[in-house]
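Below sits a lone chain in structure tokens, taken as the form predicted alone.
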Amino acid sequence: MSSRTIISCLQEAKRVAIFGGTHGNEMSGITLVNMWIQNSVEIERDGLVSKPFISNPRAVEKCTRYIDTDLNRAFTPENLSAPDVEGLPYEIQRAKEINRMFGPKGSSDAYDVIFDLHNTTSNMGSTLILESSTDFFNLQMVHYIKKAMAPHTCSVLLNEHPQLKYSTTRSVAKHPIGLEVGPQPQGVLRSNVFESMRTILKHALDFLELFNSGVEFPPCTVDVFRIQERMDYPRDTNGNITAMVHPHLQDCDWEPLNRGDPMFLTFDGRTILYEGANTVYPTFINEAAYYEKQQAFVTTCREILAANAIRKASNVFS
């Protein structure tokens, strides 16, 4: 006899925010959100309140990643509880404002879903970013999006590593989900990247509308890339980089990197090989914004996550 399907009954997702401009030089999300602020018809769905929002307007105005500090690392308990004093870094002030508007983070009053739209200079294609392997709602949503996008690929990055996970803008929501699409240079719009991001948002909002209407989603599995390790460039004693990403690794996001494969090329032409014991799948390879973070790429491992069936919880209590 087969076991009964476990169904998780989850609260309706009524309030959704779409953030663009968390980084002020990532143009696809900024352009889409500004377009939707002017005319929201495209993101309207039955049973859903969708709010397009520019997260870091000062950085957007200057077309720079941030003003004082990275907004997408600013949503720590310490920052969000910091007193409102003169001289507080702009992004810390902004994080507190966003937390008041869309949170408070970790509370029942927080927005149900925040989509945070990003561009990368890396050859990652379309990538959805999850922060929890046990959020069945988000797992079901990315499963729906991946199926809807086929035959085009949409990778899923799981950022759950205790040392590498950071306090994102989207983490204010009950169900945070990031969208990273590239390659696209900073401060530039590319039509294919723009349209890919737009299409993914359409499918995501369709999923929310179906869920809110009472559609039950059966159990599913999702292939993910789980973040493992941050890899820095080789450096000299003064902290200056002494090598570049090897041409055999450049643009090879999500492709296997095996022990003995070329990883870096020094300025004098010497190849540095990958010496890890296990095959990994690098991503964010040579991301322009991560030079300051001392990161050449991150390694990931492939994993399959299982999600229970889900449906909207009834508001009737017995």
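Don't overthink the numbering: it's just position in the shown sequence, from 1. Just so we're clear, the structure is a prediction, and the values are computed from it rather than from any experiment.
Note that the form predicted together with a further copy of the same chain isn't included here; everything after this is about it.
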Seminar exercise, completed: Contact with a further copy of the same chain in the model of the complex, heavy atom within 4.5 Å, among 106, 214, 185, 218 goes to 185
For this session: Quick one: from 288, 273, 49, 37, grab the residue that has a heavy atom within 4.5 Å of a further copy of the same chain in the model of the complex.
Result: 288
For this session: Choose from 71-79, 185-193, 85-93, 154-162 the stretch whose residues reach within 4.5 Å of a further copy of the same chain in the model of the complex, heavy atoms counted.
Result: 185-193
For this session: May I ask whether 11, 57 and 310 all come within 4.5 angstroms of a further copy of the same chain in the model of the complex, judged by heavy atoms?
Result: no
Exercise. Does at least one non-hydrogen atom of residue 251 fall within 4.5 angstroms of a further copy of the same chain in the model of the complex?
Worked result: yes
Exercise. Is the gap between residue 230 and a further copy of the same chain in the model of the complex 4.5 Å or less for some heavy atom pair?
Worked result: no
Exercise. Contact between residue 121 and a further copy of the same chain in the model of the complex at 4.5 Å, heavy atoms?
Worked result: yes
Problem set entry | a further copy of the same chain contact at residue 198 in the model of the complex, heavy atom, 4.5 Å | yes
Seminar exercise, completed: Near a further copy of the same chain in the model of the complex, with a heavy atom at 4.5 Å or closer, the residues from 232-267 are 244, 245, 246, 247, 250, 251, 265, 267
